[in-house]
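Listed next as structure tokens is one chain, alone, in the form predicted alone.
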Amino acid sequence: MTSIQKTPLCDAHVQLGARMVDFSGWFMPVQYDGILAEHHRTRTDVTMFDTCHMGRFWVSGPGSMAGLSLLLTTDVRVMRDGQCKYGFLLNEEGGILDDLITYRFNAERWLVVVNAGTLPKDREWIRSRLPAGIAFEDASTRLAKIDVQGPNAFAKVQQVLGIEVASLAYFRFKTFDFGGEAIVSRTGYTGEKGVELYVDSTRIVELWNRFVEAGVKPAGLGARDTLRLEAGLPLYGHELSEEVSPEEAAMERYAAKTEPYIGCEAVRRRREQGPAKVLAGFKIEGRQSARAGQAVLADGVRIGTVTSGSFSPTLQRVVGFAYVEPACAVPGARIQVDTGRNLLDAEVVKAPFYKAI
């Protein structure tokens, strides 16, 4: 049995009274003073999240751009220095091994950020398929990460670190000094303004405490999930898996480059054949939530399965995602979710369910 791993901030979470759980093999905080309070604080003020559990890989050297281009659906050849880009790592059948973000420092230096649960698999997949001569480093334990999110995130980052981030464009990053090279990027997983901060793992507790002293309260996995769901963002293991392609996940735009990559021919074939199921958003009036794994019906016939569902604290209704037959994935379509005890009337809607002004 694999032991549960701890991030460098584990003791800080316990000191703040966090409720800790096993998440993808990591001992992580699910909440501190309550999911609703942390959710609303992120939407109206600022919070911070421990994201040290995510994987961080350095890929560098001559030929690294070409090597990554063959591995990722991300069109790395058109990226500029200081740009981040979202994309997929696919298997030969076009199934999604992971969704990830790639950072370009220059043509010969790249950072690839992957999900915690897929980290070991991603590491071996990428490392074993990069051409000889390209340097690969799993820096997940050496480079730590926290996310500062919310309308007041930029002001707090400037107050704590003295760096201006309000002018940082979406999916861009820059470096700064924090006892060595540190990184600030703006990608986000909450639907709010905010940044990701990468620093040496030996300095991450100091960074965390500086924000705590500045009045920034942390948020846990519970709020992170309700926030990302409102923002219409997928979660690997729920909306994304090796069983689905970008086309089925309604994210084909992230696998549209013309350069060849592992899985591209399978993606093309699956696109030509047409998907048997498509990811669709839905809403339910009221507070009784749909849950992952529950059946989705149309006219009494099962047409799909819920992947995520939750009561939205911001919208005051239930929102979620489900894989359904393409004919039922049209916004405005009426469907039902079978909870096992009753049927919940739902309407197919386009994500995101919430968008910050």
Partner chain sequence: MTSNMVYYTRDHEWLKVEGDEATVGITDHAQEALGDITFVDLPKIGKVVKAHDSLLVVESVKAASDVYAPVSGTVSAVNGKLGSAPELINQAASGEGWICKLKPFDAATLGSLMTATQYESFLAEH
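Residue numbers count along the first chain shown, from 1. Predicted model, so just to flag it, every value in this text is computed and none were measured.
Omitted here: the form predicted in complex with the partner chain. The next part is about that form.
Chemist: Let me test this: is every residue among Thr74, Lys257 and Gln273 within 4.5 Å of the partner chain in the predicted complex, going by heavy atom positions?
Modeler: No, none of Thr74, Lys257 and Gln273 comes within 4.5 Å of the partner chain in the predicted complex.
Chemist: Between Ser289, Thr305, Thr314, Thr51, only one gets a heavy atom within 4.5 angstroms of the partner chain in the predicted complex; which residue is that?
Modeler: Of the listed residues, the single hit is Ser289.
Chemist: By the heavy atom within 4.5 Å rule, which residue out of Gly293, Gly34, Gly63, Pro326 makes contact with the partner chain in the predicted complex?
Modeler: Of the candidates Gly293, Gly34, Gly63, Pro326, Gly34 is the one lying within 4.5 Å of the partner chain in the predicted complex.
Chemist: Does the 4.5 Å heavy atom contact test between Arg334 and the partner chain in the predicted complex come out positive?
Modeler: Because no heavy atom of Arg334 falls inside 4.5 Å of the partner chain in the predicted complex, the answer is no.
Chemist: Spell out, yes or no, whether the shortest heavy atom distance between Glu247 and the partner chain in the predicted complex is within 4.5 Å.
Modeler: Flag for Glu247 set to no.
Chemist: Hey, in the predicted complex, is Ser69 touching the partner chain, heavy atoms inside 4.5 Å?
Modeler: No, Ser69 stays farther than 4.5 Å from the partner chain in the predicted complex.
Chemist: Look up in the predicted complex whether Thr190 has a non-hydrogen atom within 4.5 angstroms of the partner chain, and give yes or no.
Modeler: Flag for Thr190 set to no.
Chemist: Which one, 171 to 179, 281 to 289, 153 to 161, 112 to 120, holds residues whose non-hydrogen atoms are within 4.5 Å of the partner chain in the predicted complex?
Modeler: Heavy atoms within 4.5 Å of the partner chain in the predicted complex occur in 281 to 289.
Chemist: Does any residue in 11 to 27 get within 4.5 Å of the partner chain in the predicted complex, counting heavy atoms only, and if so which ones?
Modeler: Stretch hits: a single one, Arg19.
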